[in-house]
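As structure tokens, one chain now follows by itself in the form predicted alone.
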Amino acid sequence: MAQPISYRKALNEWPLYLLVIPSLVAVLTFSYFPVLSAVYHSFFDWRGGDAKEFIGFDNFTRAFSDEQLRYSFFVIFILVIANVFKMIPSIAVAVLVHRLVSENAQYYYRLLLVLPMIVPGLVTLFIWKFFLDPNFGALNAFLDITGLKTLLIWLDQTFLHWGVFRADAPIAWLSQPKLIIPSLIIWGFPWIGATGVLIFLAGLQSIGTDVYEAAELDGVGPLSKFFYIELPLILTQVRLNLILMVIGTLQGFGLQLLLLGDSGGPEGAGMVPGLWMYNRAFGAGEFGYACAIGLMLFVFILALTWVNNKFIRVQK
């Protein structure tokens, strides 16, 4: 544990604090100043430049009555729920890698998980945009080859009644409003995040071998071992990944921007709060209103993070 520095020692070693100044200036300039500027301009009718008019809370009043913004929060709620379930494959892969007997095999599997992280995220998004292409995409080709398209047509005609799956036309995943949200959920399949797997794997590797030995003596099977030993002991890592996932999902809009454009696709079906903020700023030139949306999103994320830290506890 670090010991406190006396006041006299701090004065004697003041030149060392000069080394902190460049980093502190950079953080204040590029992190805190934009935030304070957004808070300030959220109270103005500001369209860029120096001209602006103080309008008080009108931007926030408008945001609360903005139907597109309300719908964007509905979309992001669905995506958050979907992303919670998309954490399951990462946990499963981490457990499988952890249970490998060979340490060399564990190393190579970890290496295979890390390699995709080298590929820029933008390239990955372009690849997925090609996968979802109605004419040349791999997803439609897979559905045709396996015959699953026939099943989708039957489900559409029998239960969904969307009218988007037809035998005589390719499936337009990014052009049909009813398919936008399913397309955003499909993105990333099989949903194995390298960072998440490594975090879960670190938690699993901290479990002592004596716990496994005691479980084997009691005749605990592989499935019971997961539910009664491994999962309870990595709940801290699960909670950490959950926080990062929720914050990232609420803040993110790059996926929607690249796949659907700044309008959120047909009828704005894929609009999320971050994309609506981007649309108002760079599409409509309403920078003051966009700042207000960003501030509301910040408060919303802060409130969710506080609730998580306050009420979601992991017993040691």
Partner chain sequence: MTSPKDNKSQIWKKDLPKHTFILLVLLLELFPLYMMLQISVKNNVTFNANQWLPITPDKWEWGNFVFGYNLIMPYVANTVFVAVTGTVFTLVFAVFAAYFFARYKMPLSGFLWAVFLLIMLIPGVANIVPLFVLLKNMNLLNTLWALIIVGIAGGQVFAIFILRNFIEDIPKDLFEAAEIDGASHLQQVINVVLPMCAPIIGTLFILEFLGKWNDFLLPLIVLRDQDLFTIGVGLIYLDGEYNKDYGKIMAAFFIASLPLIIIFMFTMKLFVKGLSAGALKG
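Take the two forms, superpose them, and find the largest set of C-alpha atoms that agree within 1.5 Å; that set is the rigid core. Positions refer to the first chain, counted from 1. This structure is a prediction, so every number in the text was calculated from the model and none was measured.
In what follows, reference is made to the form predicted together with its partner chain, a form of this protein that is not presented.
*in the predicted complex, does residue 128 have a heavy atom within 4.5 Å of its partner chain?*
Contact with its partner chain, yes.
*Any chance residue 138 has a heavy atom within 4.5 Å of its partner chain in the predicted complex?*
Residue-level check for residue 138: yes, a contact with its partner chain.
*asked:* Whether residue 56 contacts its partner chain in the predicted complex should be assessed with a 4.5 Å heavy atom distance threshold; does it?
replied: Close contact is absent here: in the predicted complex, residue 56 is far from its partner chain, nothing within 4.5 Å, heavy atoms only.
*Quick one: is residue 251 in contact with its partner chain in the predicted complex, heavy atoms, 4.5 Å cut-off?*
Residue 251: yes, in contact with its partner chain in the predicted complex.
*Answer yes or no: in the predicted complex, does its partner chain come within 4.5 Å of a heavy atom in every one of 16, 111 and 116?*
Yes, all three are in contact.
*Which one of 214, 122, 167, 78 is close to its partner chain in the predicted complex, taking close to mean a heavy atom within 4.5 Å?*
None of the other options qualify; the answer is 122.
*Quick one: find which of 167-175, 70-78, 151-159, 182-190 has residues within 4.5 Å of its partner chain in the predicted complex by heavy atom distance.*
Result for this chain: 182-190.
*If we fit on the core, is the Cα of residue 212 displaced 2 Å or more between this form and the one not shown?*
Comparing forms between this form and the one not shown, the residue 212 CA shifts at least 2 Å.
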